[in-house]
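One chain comes next, on its own, written out as structure tokens in the form predicted alone.
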């Protein structure tokens, strides 16, 4: 990038970062993390005590990709009523050679597309190749991104879904129809009985899917638990699965594994970074009957990776604004 601050808007991010771009960026940063070439810094995430909002910072440095920066933002549950997405964030990119601010990049679309890319990477690496039914637990804003990314990884023939507010399911069903897939709203028990791959993407603080409902060979991507106390699946289900994650430190503290860890059902050594599967140092799934679970806590390096793509492509295409520092 040339001198000056690059400003990349939300609209431009949507234009220049595709699902395929996000998939490659996230896969590569997971691989770099597992090699020790990239690391995340401790997460700060706090309740504001105002507007029921959560606010925080995720940051890190990818030496391989030369990405240094921080994502600042959080979750405002009342935003949907205001015509805004509940997740609001901005990514700050810095020159790793000098520390100077390089770019301000809109983080809302990128957060959604990188989170979907994360579960998609797990599906590509861990689900059975013959998976036919995709189960969606959750039908909020992020769910449509998850659905679009997931169906590009396997030849799914059907989508089944459950949401605590059933009136939100038609929007997800419309995306499935657009993708040419039959869609059925089902109970959680029926979802577990049918689905070969399950994506949970909610803000739950209690288990929504229980161990006894999950059939052998299922791959589960738990994408909603990113804060202490949150939970989407039964701790016994986590214990019964082979567990993979984006980052072990976050998995055991703020991710889905936190509850199984706290109950002594698993320990830290039972959790494998998915980057090891990508790099070929861990075999991943070992049988058709094995239940695999990806604990997608969301790491700052994912945000930096996709923001770097957005900044580079926007600059190349003349779609970003420049400001003097």
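Positions refer to the first chain, counted from 1. Keep in mind the model is a prediction, meaning the values are calculated, not measured. C-alpha atoms forming the largest set that superposes within 1.5 Å between two forms make up the rigid core.
Below: the form predicted together with nicotinamide-adenine-dinucleotide (NAD), not depicted.
In the model of the complex, nicotinamide-adenine-dinucleotide (NAD) lies farther than 4.5 Å from every heavy atom of residue 74. The shortest heavy atom separation between residue 230 and nicotinamide-adenine-dinucleotide (NAD) in the model of the complex is within 4.5 Å. Residue contact check for residue 140: one or more of its heavy atoms lie within 4.5 Å of nicotinamide-adenine-dinucleotide (NAD) in the model of the complex. Contact check for residue 128: no non-hydrogen atom falls within 4.5 Å of nicotinamide-adenine-dinucleotide (NAD) in the model of the complex. Contact check for 133, 170 and 219: none of the three has a heavy atom within 4.5 Å of nicotinamide-adenine-dinucleotide (NAD) in the model of the complex. With nicotinamide-adenine-dinucleotide (NAD) left out of view, the stretch that reaches within 4.5 Å of it through heavy atoms in the model of the complex is, among 237-245, 188-196, 222-230, 92-100, 222-230.
Put simply, of 67, 292, 297, 258 only one has a heavy atom within 4.5 Å of nicotinamide-adenine-dinucleotide (NAD) in the model of the complex, and it is 297.
For the partner-free chain shown, nothing in 39-66 comes within 4.5 angstroms of nicotinamide-adenine-dinucleotide (NAD) in the model of the complex, judged by any non-hydrogen atom. Relative to the superposed rigid core, residue 32 undergoes a CA displacement smaller than 2 Å between this form and the one not shown. Annotation for residue 54: C-alpha shift of 2 angstroms or more between this form and the one not shown, rigid core superposed. Core-aligned CA deviation for residue 94 between this form and the one not shown: less than 2 Å.
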